[in-house]
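One protein chain, two forms: both are listed below as structure tokens, the first as structure 1 and the second as structure 2.
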Structure 1
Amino acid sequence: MKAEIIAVGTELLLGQIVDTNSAYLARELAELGIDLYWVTHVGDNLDRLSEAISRGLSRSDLVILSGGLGPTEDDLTRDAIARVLGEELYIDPELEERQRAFWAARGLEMPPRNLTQAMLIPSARPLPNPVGTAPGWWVEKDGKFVVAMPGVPRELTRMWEHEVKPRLRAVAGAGIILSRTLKVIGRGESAVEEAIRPLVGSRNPTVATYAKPDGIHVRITAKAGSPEAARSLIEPVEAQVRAILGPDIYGADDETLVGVILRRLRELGWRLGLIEVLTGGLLAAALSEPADAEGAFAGGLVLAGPSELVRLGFDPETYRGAGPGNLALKLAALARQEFGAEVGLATVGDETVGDWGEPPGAAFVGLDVPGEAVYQRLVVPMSRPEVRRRAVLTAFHLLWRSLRERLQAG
């Protein structure tokens, strides 16, 4: 079965809200073994929405719409489906009674416009919505399916789980799409793809690479009749990917780089202290976000520049001759001292600590752990936010690699 999603609402096109519904539905469709090929955003315009539905039905077996089921004049999903299918809207007596009862239970008179939410077409069956006023539609016609659900995420999620998913499972037949994602750090996307190129042409499972903020993701996706069968297809390919990229794979699926780092710190019985002159608290924010960060992350100092270092009794000019890399090392050592931690991590950049004769976009990460003190230089000739983002990833990579080696050494 081929499916597509149409997310309805002008606010989506204006960037006023983020379309989380389509991402949720995409994952759910994969779980059912239904192929999703298109996702479309359409504003509150009857002609354009009708065109999108018509196009969807011409190329897909299933069209899922989210949004446009409210009672206002710009809620046009019902009208568009009716127009495309050539059917007349009518007020369903049972739905009208439910609408009136909803308002009466609250001691209010139902606004006349809310009668639109009691409308159906002959091909549609209502989908109950106990957490909202807008019922959904389940439409079957000429071997095609149209599902319309509210755009409010909690209403859509509840309707999908209880009303739509069981029906789709029955009509779509057996089968699922299962994915396994391996997460890589320390290599660029092109380098990762080149390394696993013989596997990228695989048809089932498929193998693809994606550049993400936390590194490169390698996704292995299989389609089969059961989860067990899908896993049996994925496992030998995963073993091949791990044989090629193993030293640079830090996690899989829902594992995060920060989560892995915190876990390794706890395994070693170590705590981490930070001093950020370049990254503006980005490292501290990421490390303190997990609920279990306490005990592994001791804390951090976020400094705006050289004057703040001086106020700490630390004069960066003292290290000018040694260069910014050595300044990063000294700050990492200071971070250990300030927080009584076993690990110190620091970030500095050319523009934050003075003129070091470095090119624009130069950044330095210092790491101080028992028996080891290293720094890494990177040059990112881009915007300041991008320099900071890359410095964060470099810092986490340097830290992750050091912790991994310590654990491997026993």
Structure 2
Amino acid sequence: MKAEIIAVGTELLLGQIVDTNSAYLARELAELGIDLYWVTHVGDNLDRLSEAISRGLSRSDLVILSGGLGPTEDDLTRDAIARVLGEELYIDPELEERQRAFWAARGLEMPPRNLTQAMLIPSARPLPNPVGTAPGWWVEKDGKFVVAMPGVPRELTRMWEHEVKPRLRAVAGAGIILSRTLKVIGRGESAVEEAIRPLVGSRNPTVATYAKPDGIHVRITAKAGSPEAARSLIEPVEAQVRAILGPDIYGADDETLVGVILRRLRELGWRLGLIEVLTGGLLAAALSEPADAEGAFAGGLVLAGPSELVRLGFDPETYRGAGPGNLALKLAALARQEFGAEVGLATVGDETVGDWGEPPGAAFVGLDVPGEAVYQRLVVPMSRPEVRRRAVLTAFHLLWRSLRERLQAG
């Protein structure tokens, strides 16, 4: 099956945004065994957009569009598809109903223009978009497929995962593709790739590494006639990967680092409290995202900087002698107290420890659990958001490792 991607939006042609959707879709198509030959960026212009779509249909079996499904006059993807296929747009009562419900639920009047998001053509089926107002389109005509998804990455990826990918898997045939993702923390991507180099060359299953915010993902993907056959291709390779990276693998597939940490806290019957100076709430925001976090995650105290620590009656100066590592430890212990928790985690950065002679980008993470108090120092000579991001990953790594050892011990 030959596919091409058309990314729609004048902001792409003005360089105001980078097209990350196409790279994401390209990886996904490769995994489905669908050949991607062309990616085109085109502006919000009906003629050029129609030109791109009809060329796409002339040389590919599948045309995937991203963007141009919004409610404004610039959003022309629906019109262009209708024009190229020579079909009439009509307002679908069910979609209109959903649109009105969406606004009503917010106690708002639906802006008239949003009616365009309830439009279909006879050969299009709507693709639900639970995280936005624009439904996607799934079009089948004359043995060709046209898929239209919103350009907002959050909406596109969800629609791809839940609506488009399953349908494509069905039509793409060529057996099924199964993949297994092992998630690694505490090693860089190149280190992971080094370690599993011999496996990365294999054809079926393929093995690839991806650097993600929650560590390095190792994806093993097999193509086979049946799920069982695919699994039997994957299993031995997964075993090899685990033999090499074992202790650094925190989870697989949909497991998240935060999810694993919360589960371990529950298994231990422990609650976690935070004091965040450097990370300013990033740890708390991640830990509180799962609806069931409460009970394992107690809460966190965010302090904008050292002067707030002093205001709290806690003077970093008193730790000048002991050094910044001990400051992080003391804050971790304080976090336990504050929240009556068994586990305390704390972060401070150069804004607090700078006058200890620490370089810019220095950060300390402190962890306090029953019978263990440990801190880690990292130096990230980069922008503040990057320092904070690395500190979050380091904190979770430290916590994850400590909980694992605790569970193994007892």
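Only a predicted model underlies this, so the values are computations on that prediction, with no experimental measurement involved. Quick note, the numbers are simply positions in structure 1, starting from 1. Basically, rigid core = biggest C-alpha set you can superpose within 1.5 Å across the two forms.
Comparing the two isolated copies of the chain, the first one is the form predicted alone. Asp253 shows a C-alpha shift below 2 Å between structure 1 and structure 2 [criterion: core-superposed Cα displacement of 2 Å].
After superposition on the rigid core, the Cα of Asp214 moves by less than 2 Å between structure 1 and structure 2. Comparing the forms between structure 1 and structure 2 on their rigid core, the Cα displacement of Arg266 stays under 2 Å. For Ile6, the Cα shift between structure 1 and structure 2 is 3.3 Å when the rigid core is held fixed in the overlay. A C-alpha shift of 6.0 Å is found for Tyr37 between structure 1 and structure 2, based on superposition of the rigid core.
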